[in-house]
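In the structure tokens that follow, the same protein chain appears in two forms, which are kept apart as structure 1 and structure 2.
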Structure 1
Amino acid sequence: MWTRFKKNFGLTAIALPGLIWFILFSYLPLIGIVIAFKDYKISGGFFESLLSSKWVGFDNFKFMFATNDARIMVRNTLLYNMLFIVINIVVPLFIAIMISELLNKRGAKAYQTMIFFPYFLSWVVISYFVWAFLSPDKGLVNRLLVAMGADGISWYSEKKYWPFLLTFFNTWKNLGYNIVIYLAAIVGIDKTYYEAASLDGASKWQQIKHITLPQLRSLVAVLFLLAIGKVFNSDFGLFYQVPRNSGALFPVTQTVDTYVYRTFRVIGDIGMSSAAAALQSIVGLVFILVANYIIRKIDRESALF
């Protein structure tokens, strides 16, 4: 055992700074999770307070299961995430391949830069634009509809459009970021593969199918697993700011994060918000374990652990 340790000391030492960082900035703060299981009262310093506070088990978690609405929020969170995960893996992958195969490399650069831009805009700013297009009276879309003789649509109270709209905005905003990940991986693929294939007379399509995609397989698996760990979290700005907090849309916009936020604004209970975060982590953990297990079965190499 000791010899094994000594033999691998070189590598261990390289990972050491990172390990220390994780301990300090990720593991020590985990003590905060305990609050989720306590009726947290202040009596002196933090540890004193934590020790003297009563354990309440899962009491703080109950508010997330209290009603039918809670079911809706769970359903929305999970379904949107599933959809987003698939789209955010597949669409950028194809566009990244397109960019990488373009004949005009200058164009590739320009497109890639422009597509990245939405990532710079916050959801608040995006919500203003959405409003500029969809507002009931001054909105561009409705003015167009009316000009064509159709009736305007009150976008912010018709919930049927929003699953589509939200998915579109989410894809649009994150596209550039995800493309970068794939591009970097495509650049990293060993060029000799392509040369060999070319010499064998493989067409570009065949090369993409037999070299590029398989080479990206493990990256896709990793991105999928990392995303699935966040399956119970949601992008607050997307679901709260973009639909302008419109009540009529709640059945399709309420997610765990918006529900907790609205609750916190009224009760201000740190135990409840800690519990919500803890629940998100636990659900993520379960999903990631299952997903990893499945991937291991299919392709051992690509699994995360």
Structure 2
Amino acid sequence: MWTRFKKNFGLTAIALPGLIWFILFSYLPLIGIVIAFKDYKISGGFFESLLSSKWVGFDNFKFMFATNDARIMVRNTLLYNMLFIVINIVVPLFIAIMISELLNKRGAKAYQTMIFFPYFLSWVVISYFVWAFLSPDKGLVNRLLVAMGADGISWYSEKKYWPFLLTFFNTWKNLGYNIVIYLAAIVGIDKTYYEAASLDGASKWQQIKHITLPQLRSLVAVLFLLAIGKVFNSDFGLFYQVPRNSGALFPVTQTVDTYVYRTFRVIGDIGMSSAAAALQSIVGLVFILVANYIIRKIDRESALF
């Protein structure tokens, strides 16, 4: 064991900061999962409050399913995330391939930078941009509609538009980050594959189909597994800030995270919030295990574990 440690000391030293980070911020906080099963009341320090709070079992979990909004928030959370996972894998993949094929590399860098920029914007900032376009009375979109002789649209009370709008905003914001990941993988593909294919008369599409896409298969599988682990979570800023907390839009914007936040603001129960977070983690773990099992059966090398 000591011999193996000395042999891999360099790699261990490189991994040590990340390991310490996970221990401090991912594993030690697991103690707090007990709060999900208690009627947590603050009465001094954290551990003192944890020990003195009453054990209530699964009562904190019931509030998520004992409400009329349970079906709506679970449906929205799962369906939006499934859609986001597919779009945020497929769209960035093909845009990354197109950028990598550009002959003008300076132009490719410019496109990549412009696409990446929205990732650094917070949803609060984006919500104000959206308001500038969709404001019922002063929004740019409604002004254009009125100028063309059409009636303005009350965007923040018409729920039928928001599944498309939320999907667009999510894709627009995360597109650049996902493209960078794919571009890094494409750069790492051995160029001799393309040279050999070109000598054999393969077209660009054939090279992409038979070289680029197969080489990216493992990366796509890993990104899919990482994304599906958060299938029961939602981007709070997207679903709360962008629709401006409009009650008329709750049927299409209410998710587990927004519901827990609104409930916590009214009730102030930490135990219920912890129960929701614990349930999200458990559902994510189940999805990861099932998806990884299926991928391992199809292609063992592409599986995460």
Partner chain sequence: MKRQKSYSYMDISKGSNVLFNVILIVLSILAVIPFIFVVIISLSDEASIVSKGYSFVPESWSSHAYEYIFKNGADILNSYGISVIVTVVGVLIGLALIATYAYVISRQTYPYRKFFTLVALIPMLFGGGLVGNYLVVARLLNLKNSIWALILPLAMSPFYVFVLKSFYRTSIPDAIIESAKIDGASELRTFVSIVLPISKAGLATIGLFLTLGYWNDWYNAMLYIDEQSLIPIQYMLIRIENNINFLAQLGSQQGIVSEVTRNLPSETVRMAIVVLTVAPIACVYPFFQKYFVGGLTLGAVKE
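For clarity, a rigid core is taken as the largest C-alpha set superposing within 1.5 Å between two forms. Residues are numbered by position in structure 1's sequence, first residue being 1. Predicted model only: the values in this text are computed from it and were never measured.
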Kindly point out the structure, among the two, that is the form predicted together with the partner chain.
-> 1
Quick one: once the rigid core is lined up, does W55 have its C-alpha move by 2 Å or more between the two structures?
-> yes
Does F236 show a Cα shift reaching 2 Å between the two structures after rigid-core superposition?
-> no
Taking the rigid core as the reference frame, is the Cα of T12 displaced by 2 Å or more between the two structures?
-> yes
In Å, the rigid core superposition gives a C-alpha shift for G45 between the two structures of 4.5
Quick one: CA shift at F22 between the two structures, core fit, Å?
-> 3.1
